[in-house]
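Heads up, the chain below is alone and in the form predicted alone; it's given as structure tokens.
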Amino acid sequence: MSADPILWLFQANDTAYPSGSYAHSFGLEELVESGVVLTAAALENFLVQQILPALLTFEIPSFARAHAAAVAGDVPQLAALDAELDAWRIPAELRDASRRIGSQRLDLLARLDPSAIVTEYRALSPRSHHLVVTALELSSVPLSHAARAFAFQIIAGLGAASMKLIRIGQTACQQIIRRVLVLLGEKIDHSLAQPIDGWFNPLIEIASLRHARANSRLFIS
């Protein structure tokens, strides 16, 4: 995907790109059911207080490592990082959601760009985490752009899920996403240069564990 990396970035991050993320709420559905996130203000607070810290202290530094491995063509390192993500994600629901989305993106990537590294990595780890696959997918794009694209996928995905779960319109949702992205943009470059500190987030973990046992649900996770 080196012919025009920016155009590829647009395609891979387009909402029409079939990643399968629309079927997952990553704990948000259970938080709504529990009364934690019921309003636009509560959604924004959740994104700022829970999602942004996780992105900045764990996801983005992890993405930087995976992106460097992909650029170097280091398939064993990509596989090692993928295995490490399993240890960080305690709820099986979150692990499975990440792998479902990752494997779907990896299958499509193998069709769109059957390069040597994509083919080798897919043969080694066909059910990979979303983070690792996106780093491989966007390895032809500068890290700064690729990391922003990955973070946008997370925030926009939660915004899309929220419109199915609470009474919030598209304009209000986009205003929230915009404010959260502004906060992200102020800190992401610093985060890219930091070690992985981790982020203990029992709210989302408990919500994900409870969601697996819900009597009814709209999302897979």
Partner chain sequence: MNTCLSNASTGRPVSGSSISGHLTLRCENRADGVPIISQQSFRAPIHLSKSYIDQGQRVLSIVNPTAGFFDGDQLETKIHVGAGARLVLSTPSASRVYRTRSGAAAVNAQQFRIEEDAALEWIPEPFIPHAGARYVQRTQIDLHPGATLLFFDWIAPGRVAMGEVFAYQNLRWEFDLFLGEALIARERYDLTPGGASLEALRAKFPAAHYLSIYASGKMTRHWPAEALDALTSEQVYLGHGPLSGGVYVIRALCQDSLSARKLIEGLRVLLYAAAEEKPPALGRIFC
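Numbering follows the first chain given and starts at 1. Computed from a predicted model, the values in this text were never measured in an experiment.
Note that the form predicted together with its partner chain isn't included here; everything after this is about it.
- This chain is drawn without its partner chain; in the predicted complex, the residue among T39, N45, Q175, Q194 with a heavy atom within 4.5 Å of it is N45.
- Annotation: in the predicted complex, residues D4, E137 and F150 none come within 4.5 Å of its partner chain through any heavy atom.
- In the predicted complex, N201 approaches its partner chain with a heavy atom inside 4.5 Å.
- At a distance threshold of 4.5 angstroms between non-hydrogen atoms, D96 is out of contact with its partner chain in the predicted complex.
- Its partner chain is not drawn, but in the predicted complex it has a heavy atom within 4.5 Å of A92.
- Among residues of the shown chain, Q170 is not one whose heavy atoms approach its partner chain to within 4.5 Å in the predicted complex.
- Considering its partner chain in the predicted complex, the lone stretch of 178-186, 50-58, 160-168, 66-74 in range is 50-58 [heavy atom distance within 4.5 Å].
- Taking its partner chain as positioned in the predicted complex, none of the residues of 13-29 brings a heavy atom within 4.5 Å of it.
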